[in-house]
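Quick setup: one chain, the form predicted alone, written in structure tokens, and binding and motion questions come after.
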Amino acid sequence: MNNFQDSVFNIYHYISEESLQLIFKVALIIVITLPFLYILRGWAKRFFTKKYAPHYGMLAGKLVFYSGLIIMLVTVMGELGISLAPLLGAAGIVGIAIGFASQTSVSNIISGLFLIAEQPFKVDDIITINNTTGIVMSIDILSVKLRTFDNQFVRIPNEMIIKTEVTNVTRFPIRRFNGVVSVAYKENIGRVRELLMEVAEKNKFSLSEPEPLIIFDAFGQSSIDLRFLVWAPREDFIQLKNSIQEEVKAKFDEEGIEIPFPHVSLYAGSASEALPIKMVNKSDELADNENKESSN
């Protein structure tokens, strides 16, 4: 019985001692290397993020991790006695074939290198590309990932970004709110300017330097249009945009300044004499129609 159990559970009956040692050695390499690579990736990411920018940290972390992974695989293959020469030859042939078939990917990689060198934006910036505006999540070799303000994930190939106009909304520390304020023709423009400046001075998000600016924009069809330009720190821009327009409306209501709605005035060829319009009561109109019918 004991001889039977020994023969069944003795692992050396199924695998040689040399093979078992080799498996143990390969497993030991993987178990030691992988945690080390994760630690090294985290260190590289933190170091380059602190010293340069977040996207440099991301790239450095990936470069360190995947380079280490390749070295580990080559080491494991060497331990297993797998020759790299045939694999490298096959990889070269396959690489040429893939290169011809993936010119777009190569173009994206080259464009990604240009983006990294030029730095038109960085991670956490808000950018607009075509009609898409969002926060930059990552700048990778092939693409840039954005998160839009309605929480959608957008991947944009680097080649497209190089060929397209890119607006970096948060590049500079301050932003300008460009408002349009319309008032009735009867209003005193000087008084309107004073009120707008008062609103800007009291708004807690607006900056005094650069100072707010009011520009006479145009004689509109129904109003006089003024451009109301106010600066704010970029992190307070949305609060400024929301608050200052409500404050302008409240101030105009308080001071009796009319904000006109679109309307059309008809004149009979003279700027001073309006086209006469007669208001007709509906019952009188019906009576007139009945009289006309009876007379006929």
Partner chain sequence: MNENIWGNISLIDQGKRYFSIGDLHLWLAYQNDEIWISYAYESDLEGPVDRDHPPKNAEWSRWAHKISSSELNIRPVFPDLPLVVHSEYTLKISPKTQIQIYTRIPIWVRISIADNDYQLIELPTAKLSRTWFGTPTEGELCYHAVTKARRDLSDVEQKPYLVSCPITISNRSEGELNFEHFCFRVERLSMYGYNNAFWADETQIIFQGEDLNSDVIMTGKLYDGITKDQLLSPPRKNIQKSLATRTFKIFEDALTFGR
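Not measured: the values here are computed from a predicted model. Numbering follows the first chain given and starts at 1.
Only in words, not in the display: the form predicted together with the partner chain, which the text now covers.
Exactly one listed residue, out of E247, D236, E255, E258, brings a non-hydrogen atom to within 4.5 Å of the partner chain in the predicted bound form: D236.
Distance criterion of 4.5 Å from any heavy atom to the partner chain in the predicted bound form singles out L229 from the list L229, V26, L69, A53.
Look at 119 to 127, 142 to 150, 167 to 175, 71 to 79: in the predicted bound form, residues with non-hydrogen atoms within 4.5 angstroms of the partner chain sit in 167 to 175. The closest heavy atom approach of S111 to the partner chain in the predicted bound form falls outside 4.5 Å. At a distance threshold of 4.5 angstroms between non-hydrogen atoms, S206 is in contact with the partner chain in the predicted bound form. The closest non-hydrogen atom of G190 lies beyond 4.5 Å of the partner chain in the predicted bound form. Among residues of the shown chain, L213 is one whose heavy atoms approach the partner chain to within 4.5 Å in the predicted bound form.
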